[in-house]
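Only one chain comes next, encoded as structure tokens, the form predicted alone.
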């Protein structure tokens, strides 16, 4: 059995035995506490390891997202943030101090990491930097040891890495998000707080773009997992729900909806596989990334429709899948911005 297959099986068991029984609490976070055992279990599986490869991340995230998408989003965010520190730090690892240690890493992965409208501002003062403003929707911040944040500076853009324990880092309360609610997210504020200048990791957006390209497949794996759970729930409902003397799965329109959902699932899975290849042209990779996220969001809406009024009830899971899929559309930023980038990548 390959390394990926072994990891899939371990994550599948963890998702079934640990994550599954906690889905209701995850869905009601932050009104309810984050269930015990989720974060530590992810760590025991090696999903917070520093050197985990994007291909292994993708395999794990799809299995997790079939049961609950929130833990998958936390793992993806950590992997991306850690990769940013590793890539941006280069040979300066000694200077980065605690940023190379253990613990969860956080970043605002629901936005374009190289677009900084509304981001905190940075001012250089000798051997220090001064930060002011608020970084919004920093995924994983309430649990994190390290924050990786884009900021505005005189040159236009910079990436900083900070420990959450440093004086001057103010974490807001966990936010209620549309979907993936068990992935703790918060705003991070600064009020003219000074930090050592070596907290600046990078001043070129290309660093972020390289890392984002490597993890697009992992992001799509989350959408694929969400949609797979929606398809399964819709199919089981259609087989068990009787109307007009027979199961509704025999109705032509119901079968058409299920067929479209399965078609969209195949698109997501094919896109994930394509995005994990190093030789895919940028325009094609962006197109596959956009298509997969949008098809997953549309298909989970079909899942709600198939169940009728029951589709909006928490008991059936379709409303959660629909919200999670919509939230997943924001991984690495808005689709309209990505589509603008796609137009600029025409060969």
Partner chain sequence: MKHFDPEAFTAQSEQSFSQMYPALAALGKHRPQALKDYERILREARRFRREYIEPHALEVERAVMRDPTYVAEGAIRAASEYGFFSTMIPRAFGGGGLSFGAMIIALEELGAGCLGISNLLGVHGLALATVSATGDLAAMEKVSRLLTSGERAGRPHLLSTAITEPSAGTDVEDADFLRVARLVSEATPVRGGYRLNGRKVFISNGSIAHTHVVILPTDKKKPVETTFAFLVETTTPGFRVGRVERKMGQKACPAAELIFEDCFVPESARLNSKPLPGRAIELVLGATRGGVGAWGTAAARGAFERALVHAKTQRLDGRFLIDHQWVQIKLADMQRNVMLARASYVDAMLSNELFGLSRLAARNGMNEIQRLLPQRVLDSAAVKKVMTSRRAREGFQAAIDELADWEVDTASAHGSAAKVSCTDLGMVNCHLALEVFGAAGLRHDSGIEKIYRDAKLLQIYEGTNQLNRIELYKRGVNRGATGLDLTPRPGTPVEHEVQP
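Treat the numbers as computed from the prediction; the structure is a model and nothing was measured. Numbering follows the first chain given and starts at 1.
Quick note: we don't show the form predicted together with the partner chain, though the next part is all about it.
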| property | result |
| --- | --- |
| The partner chain in the predicted complex: contacting segment from 304-312, 59-67, 281-289, 36-44, heavy atom within 4.5 Å | 304-312 |
| Joint contact, 53, 75 and 167 to the partner chain in the predicted complex, by non-hydrogen atom at 4.5 Å | no |
| Listed residue that, although the partner chain is not shown, lies within 4.5 Å of it in the predicted complex (heavy atoms), from 270, 253, 128, 263 | 253 |
| Distance check, residue 335 to the partner chain in the predicted complex, heavy atom within 4.5 Å | yes |
| Any non-hydrogen atom of residue 177 within 4.5 angstroms of the partner chain in the predicted complex | yes |
| 4.5 Å heavy atom contact, residue 241 and the partner chain in the predicted complex | yes |
| Proximity of residue 215 to the partner chain in the predicted complex, heavy atoms at 4.5 Å | no |
| Sequence-ordered residues of 264-303 touching the partner chain in the predicted complex, heavy atom within 4.5 Å | 297, 298, 301 |
